[in-house]
Structures are given as C-alpha cells and as structure tokens.
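Only one chain is shown below, in structure tokens, and it's the form predicted on its own.
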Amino acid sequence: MEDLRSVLLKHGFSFKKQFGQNFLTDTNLLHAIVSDAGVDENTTVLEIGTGAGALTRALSEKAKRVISFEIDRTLRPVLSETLSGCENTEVRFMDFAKCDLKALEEELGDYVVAANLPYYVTTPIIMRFVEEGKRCRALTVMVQEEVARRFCAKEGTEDYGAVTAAIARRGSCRITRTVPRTLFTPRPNVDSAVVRIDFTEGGFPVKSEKAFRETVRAAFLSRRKTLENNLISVFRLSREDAKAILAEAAVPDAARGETLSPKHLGALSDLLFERGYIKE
C-alpha cells in the first residue's frame, strides 16, 4: 500500500483541527498498541477515531472483529483504500458520543477498546466507559502524556484528581509506553502515552455509584479547602456532623480531599450514603 501521506494527498484530504486529527504512521508503534491491548483471534475490538485506518488495519490483522467509529465522512474514500481486504472490520461514520452504548454492547458482547483518541474528547470518552460500560473488559488508548499521568496518579500527588478516583473505582490503570510527538501526522504540540485500563482487575465495590461520584466531586471541589469544609459546602452538613463523619471514616483532621485514596473515598461515600446525606 502507498504511504499514508500519498494516499491522503491522492484523495484530496485536508486535516480538520476541530476533530483533533493526528494520525499515527509508525508501524512498530501500531503493532505495539495492538499487543498492549491484548488483542487476539477471539477479541472483539471497538475503536473510536478511525482516522486514516492505520491502527484499524493493525487491529484487524489480529482481532476477531473490529468496529470503528469515525466522525469525519471525508475519510471514506481514504479508508476504502487503506482498509481494503479487512473483511472483519466495519467503519461507522458517526459521532461516537451520540451512539447508544447499551445497544452497541448488546451487539458486541464482551469487547475491548483500542484507540488513538482525539485529544479534545479523551476524558469524556473514558468516563463514558467507566460509568456506563458493562461489557468492556479493557481500554488501551493513546492520550496526551499529562492526561495519562492524571489517569494513573497516586493520592497526594499534583496529578491526582476526580478522574483518577473514578477510574480506580472500576479497575486498574497503567501507562504501557510513552510516544514522542514526532510519530504523528501532523505533529501535535505535546508528547503522548498509551494507557491501559483493565476492568477485570482492581476496582472496589461501593454502596451507591451516585454517592461515590458526589463524594469525589466534593473532595476535589476546592483543593485549597479542607475536606471537612468541602463536605459542609456541598452536602450542607453542620460542622459537628462533618467532623463526626470524617472521624468515623478515619480521616485525619484538616485533611484535604486529594490525600484520600480512591478506596478511602469509597468508604467515606458509603458512610454519607448510609447516614442519608446523599440520596440515591
């Protein structure tokens, strides 16, 4: 097959900034991502952001089935060439954010996500699988390096935040490799990293998903305020009740939300739910 730049030029394709289009061109990296995702002949893969189809084709070579979503319909003639012969692959030209995930999961059964995600939709897409995905076993995605650090951060660090806790509630997260900006076309302004989030290991139960989300939101509402003050502000607790709840949850006096591990935040959310401060 012709090199990617030649194919794009032949079909008159122009990059669209609003779609965050940065295409991967390094063959070794593409195969490494497929390997990081654990894709084999029994795997159904969901990809978001087909782009020019380079990763899609690498996935197709290993997977049982690939369903790929692409928002830019002008890529259709490019993909008809770059994905020629990929009989186990289907490209759906639509915005994945508008897709009915429940219906899609009923169609796919168990699946994994593998994608070079457009930077501007990274966190919303990840959070959609974290909060709604029932059949997704793992996500292996290319994201900005600083976002990858945030996803995998430890409590008490600058990168630790609400999204970290939300991911940890569902599973384990690790950076599998870092990727220099020079491997993309066009070249972005930042380096990237491949992150793998496993929903089949790690994670922990909570009494109420809603209570956990609201507790995490409160914990990170204002990093300069103590957790006690944030709970008072968000849940309208008296200071006495806030102190009592935190003492029962074994949270030190004057602690800030970012010092609590995801599991500790889960235990606190259970208490707030049990005491009726958060309703289902």
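Bear in mind the structure is a predicted one, so any value in this text is a computation, not a measurement. Heads up: residue numbers just count along the shown sequence, starting at 1.
What comes next is about the form predicted in complex with ligand SAM, which is not displayed.
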Quiz item: Based on heavy atom distances of at most 4.5 Å to ligand SAM in the predicted complex, which listed stretch, 156-164, 130-138, 171-179, 95-103, is the contact stretch?
Solution: 95-103
Quiz item: Can residue 69 be called a contact residue for ligand SAM in the predicted complex at 4.5 Å between heavy atoms?
Solution: yes
Quiz item: Does the 4.5 Å heavy atom contact test between residue 117 and ligand SAM in the predicted complex come out positive?
Solution: yes
Quiz item: Do residue 231 and ligand SAM come within 4.5 Å of each other in the predicted complex, heavy atoms counted?
Solution: no
Practice problem: Classify residue 24 as contacting or not contacting ligand SAM in the predicted complex by the rule of any non-hydrogen atom within 4.5 angstroms, answering yes or no. | Solution: yes
Quiz item: Can you name the residues of 41-80 that have a non-hydrogen atom within 4.5 angstroms of ligand SAM in the predicted complex?
Solution: 47, 48, 49, 50, 51, 55, 69, 70, 71, 72, 75
